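Shown here is one chain on its own, the form predicted on its own, set out as structure tokens.
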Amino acid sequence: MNESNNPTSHFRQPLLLTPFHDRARALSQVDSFVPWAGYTTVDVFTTMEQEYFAIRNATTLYDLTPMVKYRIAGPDANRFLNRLVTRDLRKLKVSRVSYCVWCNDAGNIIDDGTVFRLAENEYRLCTAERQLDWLLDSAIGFDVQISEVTAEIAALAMQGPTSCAVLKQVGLAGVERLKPFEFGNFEVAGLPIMVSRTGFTGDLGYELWVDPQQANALWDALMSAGRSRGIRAIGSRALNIARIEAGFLLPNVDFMSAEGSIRIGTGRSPLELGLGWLVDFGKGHFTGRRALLEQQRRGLRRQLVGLDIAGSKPALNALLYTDRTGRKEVGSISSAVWSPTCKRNIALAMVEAPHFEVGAMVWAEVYLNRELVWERRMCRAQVVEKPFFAPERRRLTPPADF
């Protein structure tokens, strides 16, 4: 066939299709797709509300295939990763997962992601954005091989209180024994899959990793087994509400990668993002250590915090002030939503010192569009602890059989 007549040629189909695309397209009622890391993914299948409540009350499937995946292997794999990230990965055992961040020399975050220890000298690094150049540059001097394997692995996020029950129903004996941030190998109808107890919802949930050739068979088996427990495919909009409730950060929303930022002062360190618990100064040198030590010594000038905001209108992108007159600006909101589960108007915001201490009061400048007429409101906001929602079931092992 002539390339110009090939409907799948790159200039006719600029976004890649995931192995689950045909199944997702069949369920899509509003034809709402968005790009993610070079793939086309569903933003919403039916309504955001239906999908959100499925996360908190049933089982949901979210196509995680576009998550960028790297295989890191070799005699120096652990030394390389421990030099790259701020967390001490010498403590990470085989069949365990660790959430990590990595920084540039100035201590500003390049990206965050999860590290899977597949074997003694083999790891998988999953990130939202492509990082191959940074990884290769950082690997100079280490005996390690790094390759992108995104297209070689299909992935599904299976989240919700009945997710474990559905996995057992489909035949994954022993999956209930997986602890948070642990993974194991199982079979579904003869199909080998890797299952990790990880997720982006702050709820009970798992992530399933499978050969792309087996993707549709896995999807069909899960949908059939989960029918009695309200299984539903979800898109990015519903997931966004859940991750804000969980206090999870989203790249290019709550922080910019230091490699992608242009303007001075827009970089953010893990200490400023409230991720100081991921920084282990006692493990030895890592990229950004000196800068982070100096920032810790000086004290933080700003920090990302959780806010509880008066009223019911989300304060997305609102500026924050010391009082309702709006004279002195002290921060801005990056993520905001009315939480249906918490029954609270919540937000994540970068706030200047000393106003980021828990209990501090600030004012949010919220603009409301009512039938094309804009109204400005100053809403009281209080700094609160994160996460906003943290059910016991997310850590219970074995989970309750809902």
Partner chain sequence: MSAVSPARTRYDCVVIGGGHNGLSCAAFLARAGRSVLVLEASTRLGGAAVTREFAPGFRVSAGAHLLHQMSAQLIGELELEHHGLQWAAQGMSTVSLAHGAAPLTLGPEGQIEGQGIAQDLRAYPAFATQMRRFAAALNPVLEKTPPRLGTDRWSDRLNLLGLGWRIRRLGRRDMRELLRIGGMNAYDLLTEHFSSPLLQGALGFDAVLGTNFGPRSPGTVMTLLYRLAAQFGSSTRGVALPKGGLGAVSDALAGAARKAGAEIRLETPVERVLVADDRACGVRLHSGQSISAGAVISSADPKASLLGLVGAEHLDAGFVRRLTHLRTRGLAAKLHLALEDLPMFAELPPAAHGARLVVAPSLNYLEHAYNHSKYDEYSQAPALEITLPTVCDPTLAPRGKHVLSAVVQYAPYQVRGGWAQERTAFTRRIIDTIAQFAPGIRALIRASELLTPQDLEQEFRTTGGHWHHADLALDQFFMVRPVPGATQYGTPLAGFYLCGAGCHPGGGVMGIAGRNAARQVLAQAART
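Worth saying up front: this structure is predicted, and the values here are computed from it rather than measured. Numbering follows the first chain given and starts at 1.
Note that the form predicted together with its partner chain isn't included here; everything after this is about it.
Partner-contacting position among R83, R232, K283, R229 - heavy atom within 4.5 Å of its partner chain in the predicted bound form: Exactly one listed residue reaches within 4.5 Å, namely R83.
Which of Q214, S138, Q169, S257 has a heavy atom within 4.5 Å of its partner chain in the predicted bound form? Partner contact (heavy atom, 4.5 Å) among the options: S138.
Can you tell me which of 195-203, 326-334, 175-183, 129-137 lies within 4.5 Å of its partner chain in the predicted bound form, counting heavy atoms only? Going through the listed ranges, the match is 129-137.
Classify R290 as contacting or not contacting its partner chain in the predicted bound form by the rule of any non-hydrogen atom within 4.5 angstroms, answering yes or no. R290: yes, in contact with its partner chain in the predicted bound form.
Quick one: is F248 in contact with its partner chain in the predicted bound form, heavy atoms, 4.5 Å cut-off? Heavy-atom contact with its partner chain at 4.5 Å: absent for F248.
Although its partner chain is absent from this view, report whether R79 comes within 4.5 Å of it in the predicted bound form, heavy atoms only. R79: contacts its partner chain in the predicted bound form.
Indicate whether its partner chain has at least one heavy atom within 4.5 Å of a heavy atom of D105 in the predicted bound form. Because a heavy atom of D105 falls inside 4.5 Å of its partner chain in the predicted bound form, the answer is yes.
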